[in-house]
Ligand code: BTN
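Have a look below at one chain only, the form predicted alone, in structure tokens format.
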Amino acid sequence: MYNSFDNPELVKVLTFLQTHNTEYLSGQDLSDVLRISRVAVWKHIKKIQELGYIVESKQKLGYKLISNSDALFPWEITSELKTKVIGQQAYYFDSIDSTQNQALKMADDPVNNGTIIIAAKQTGGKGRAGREWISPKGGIWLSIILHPKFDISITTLFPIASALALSIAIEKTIKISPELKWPNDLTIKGKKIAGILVDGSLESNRIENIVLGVGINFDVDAKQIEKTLKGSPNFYGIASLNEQKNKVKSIQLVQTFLVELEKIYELVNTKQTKKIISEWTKRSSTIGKNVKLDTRDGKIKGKAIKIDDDGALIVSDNNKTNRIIAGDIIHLSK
């Protein structure tokens, strides 16, 4: 496990290599500039190489960074991140049962507001309604701890708003436009590329904290995951962002998402919900479709008309209007 405030010497060495990656830097130069011993420089270089960064070493010339690691280490996330709160503290695990479980353990502490838990892979990833979320290496699996100001009555809008933020981030970085499937899935050509999960701690009529879970099929073997999930309830296919033409680094997508999420979060906190609903609706694959829903109150069929101020789906069925807060949805062809 790594976090954004440990290993300050290692991060200093790495940052200096990154900002001077067109030249070789001698061990003595690094020692003098960073005010650490040459032995410490050598140890940090070795560790940096172990973490997946490619550092070339040449006698009489020194060290040169050739390429960065693909891992989403905390110092990579926080470096030049243009947010005030979200993502300014980060924890990275090479493997964990669930980032959501870890975040929930930390969520009560006010100092963890905005903190991210991110993992290269999850062994017990969680989806909606307690379903399994297969989370191999190559995906982006993260949870974010938040202490919101918004009213408990619009808690159900937050996952929808978060899906919108992720959609905007994908549009900006990868230059494709995912569709938003109610309540909180992102799809490409009808197949899921990402999902959102929210767990919350409530006291009386107040939100103590919420934990936003995000799973993105960034660079995964979609066909292999489909084989595993085929036949499971409401399964409608998996897609991977690496199948798209515009390739970007995962760190670019994560940082852009955190920036867009903070903007959306502020809109929710200040009750500017109409803008969120308008932008979500523009990208929705659900609105205007005939749908079938499995809810706690039974099965409902009809046409999806809109989402309400709190994110509830409004479905019209033979002049009867149903307001659905939660449920599994299937888009019908007719």
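When you see a residue number, it is the position in the sequence shown, counting from 1. Every value quoted in this text rests on a predicted model; they were computed, and no experiment measured them.
The following text describes the form predicted in complex with biotin (BTN), which does not appear among the structures shown.
Trainee: Taking biotin (BTN) in the predicted bound form as the reference, which of I86, I160, L72, V214 has a non-hydrogen atom within 4.5 Å?
Mentor: Checking each option against biotin (BTN) in the predicted bound form, the one that comes within 4.5 Å is V214.
Trainee: Though biotin (BTN) is not shown, can you say which of W182, Y92, F257, W141 has a heavy atom within 4.5 Å of it in the predicted bound form?
Mentor: Only one option qualifies, and that one is W141.
Trainee: In the predicted bound form, which of 94-102, 169-177, 247-255, 260-268 comes within 4.5 Å of biotin (BTN) (heavy atoms)?
Mentor: Residues of 94-102 come within 4.5 Å of the partner.
Trainee: Does the 4.5 Å heavy atom contact test between T115 and biotin (BTN) in the predicted bound form come out positive?
Mentor: No, T115 is distant from the partner.
Trainee: Counting only non-hydrogen atoms and a 4.5 angstroms cut-off, does L241 reach biotin (BTN) in the predicted bound form?
Mentor: Contact check for L241: no, nothing within 4.5 Å of biotin (BTN) in the predicted bound form.
Trainee: Answer yes if any heavy atom of F150 is within 4.5 Å of a heavy atom of biotin (BTN) in the predicted bound form; otherwise answer no.
Mentor: The answer is no: F150 has no heavy atom within 4.5 Å of biotin (BTN).
Trainee: Taking any heavy atom pair closer than or equal to 4.5 Å as contact, tell me whether F218 reaches biotin (BTN) in the predicted bound form.
Mentor: Judged by the heavy-atom cut-off of 4.5 Å, F218 is well away from biotin (BTN) in the predicted bound form.
Trainee: Check Q122, G125 and K192: does every one of them have a heavy atom within 4.5 Å of biotin (BTN) in the predicted bound form?
Mentor: Contact check passed for all of Q122, G125 and K192.
Trainee: Residue by residue through 19-44, which ones have a non-hydrogen atom no more than 4.5 angstroms from biotin (BTN) in the predicted bound form?
Mentor: Heavy-atom contacts to biotin (BTN) in the predicted bound form: nothing from 19-44.
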